[in-house]
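First, one chain by itself in structure tokens, the form predicted on its own.
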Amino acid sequence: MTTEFSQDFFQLFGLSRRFALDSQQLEQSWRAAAAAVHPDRYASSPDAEKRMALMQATHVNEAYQTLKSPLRRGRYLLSLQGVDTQEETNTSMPLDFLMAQMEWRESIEEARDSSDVDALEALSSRLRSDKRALEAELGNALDSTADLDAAAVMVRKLRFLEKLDQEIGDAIETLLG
């Protein structure tokens, strides 16, 4: 099997171009594609074939990592529609979201400063629940209503939440480490 670099990541794995996807089907398709282009299969091949196998394996793994992550999958779907999420340049957010971010950061700081791992784990649980709800909204915006502007805002929000989740994880690791 050779991968077609002109295929989008969904085509590569035989999936519909939608935010909602079957993670088991993605995993199975990725395993089959990765096995087919694994560089070890080309160990005795000429150097050009080895390089091509490595490029294909890298492409398959990048596609898998992109589709596996809701944030990256949403960003990718928008890019296929010609929409730049402007995560680096557009930091404007709805006021209620910014207020919630401030509250999250204060709660994280308080729990970290008081070495309260239980509070951090509770915050992590709440944050993951919020992320799942936002991912569901993003899926609706992309798959049902095709509201690409709203989806771009949701991708930026999801990126903020992932950063907060990382902060909480780092704080827990520091306290337990």
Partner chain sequence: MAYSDKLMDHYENPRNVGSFEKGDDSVGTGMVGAPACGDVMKLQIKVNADGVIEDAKFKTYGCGSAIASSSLVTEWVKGKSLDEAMAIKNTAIAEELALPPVKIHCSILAEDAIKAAVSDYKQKHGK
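Note that this is a predicted model, so its numbers are computed, not measured. Numbering follows the first chain given and starts at 1.
One more form of this protein should be noted, the form predicted together with its partner chain, which is absent from this view; the next part is about it.
Remark: residue 80 does not count among the residues lining its partner chain in the predicted complex, judged by a heavy atom distance of 4.5 Å or less. Contact annotation for residue 159: at least one heavy atom lies within 4.5 Å of its partner chain in the predicted complex. None of the heavy atoms of residue 84 is located within 4.5 Å of its partner chain in the predicted complex.
For residue 109, a non-hydrogen atom is located within 4.5 Å of its partner chain in the predicted complex, even though that partner is not displayed.
Of the residues in 98-124, those that come within 4.5 Å of its partner chain in the predicted complex through at least one heavy atom are, in sequence order, 98, 99, 101, 102, 105, 106, 109.
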